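In the block that follows, a single chain appears as structure tokens, in the form predicted on its own.
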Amino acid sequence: MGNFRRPRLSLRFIPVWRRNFLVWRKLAIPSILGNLADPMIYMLGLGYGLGSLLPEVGGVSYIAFLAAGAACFSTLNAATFEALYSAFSRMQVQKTWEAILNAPMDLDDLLLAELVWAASKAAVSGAAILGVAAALGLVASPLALWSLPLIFLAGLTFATLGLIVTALAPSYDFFMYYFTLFITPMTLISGVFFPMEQLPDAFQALAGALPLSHAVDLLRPLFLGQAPARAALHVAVLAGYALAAFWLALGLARRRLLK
């Protein structure tokens, strides 16, 4: 159990976060556009295209219903890609982690920096969708600003799950299993594109155990100018996922790198 001992964290993660930021800043615009492309296409294409054929969903237009789901989807995409492909590149290909660990830096703080960095990028993507939705008149009130810290929390959750996979992955190809077997099914049943109430009871129960559905249940009411029901429960589930997954990811990373 030595590898899975309690994390020891400090503010030494900040310079590593800043290093990642300085590297990303050189290609910030293409990076943001890349992360926004899929959710924007879904929101505008499905929202206006399919939405014109549908009646109201939950008392609002389909595109207004879809806006919060697109923000969650964008957050999920950005956090996952950063925690998988970018983090794996720094760990395995570029050997950046190895170089950093030669400085007075623990793996605990290094992994925390990767986590916070991935969540930061995810928050930018989710906030951008919120901004687009507001510009299109799809945000009902300033109450939606409460979405911003919740988007960051969701980014932390999705990033920790991605870091578990990165710590286990032998190559980039391994990530396709994660997307095919977890990310895509979770996206389809967690209320991003349609109400979960349309699903069979078994799928509703499964979706209720997944973090994305809790993020959607938090953000959608805020986008529509309402206070989320059971907000404390949804926040606790997301935070619980983030803490447990980070602990597991750190243990797996220790086993892989600190031999």
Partner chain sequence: MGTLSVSGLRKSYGEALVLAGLSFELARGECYGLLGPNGAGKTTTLRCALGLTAPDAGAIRLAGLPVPERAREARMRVGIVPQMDNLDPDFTAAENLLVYARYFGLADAEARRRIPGLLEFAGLAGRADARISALSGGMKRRLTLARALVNDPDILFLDEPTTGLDPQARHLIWERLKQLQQQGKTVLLTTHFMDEAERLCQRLAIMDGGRLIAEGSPRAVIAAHIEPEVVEVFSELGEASAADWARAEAARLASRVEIVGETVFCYLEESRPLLDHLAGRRGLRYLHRPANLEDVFLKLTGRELRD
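Given the structure is predicted, the values throughout are model-derived calculations rather than measurements. Numbering follows the first chain given and starts at 1.
Omitted here: the form predicted in complex with the partner chain. The next part is about that form.
In the predicted complex, the partner chain sits within 4.5 Å of a heavy atom belonging to L257. In the predicted complex, at least one heavy atom of N102 sits within 4.5 Å of a heavy atom of the partner chain. Contact check for P15: a non-hydrogen atom falls within 4.5 Å of the partner chain in the predicted complex. The closest non-hydrogen atom of Q92 lies beyond 4.5 Å of the partner chain in the predicted complex.
Of the candidate stretches 57 to 65, 23 to 31, 189 to 197, 207 to 215, only 23 to 31 contains residues with a heavy atom within 4.5 Å of the partner chain in the predicted complex.
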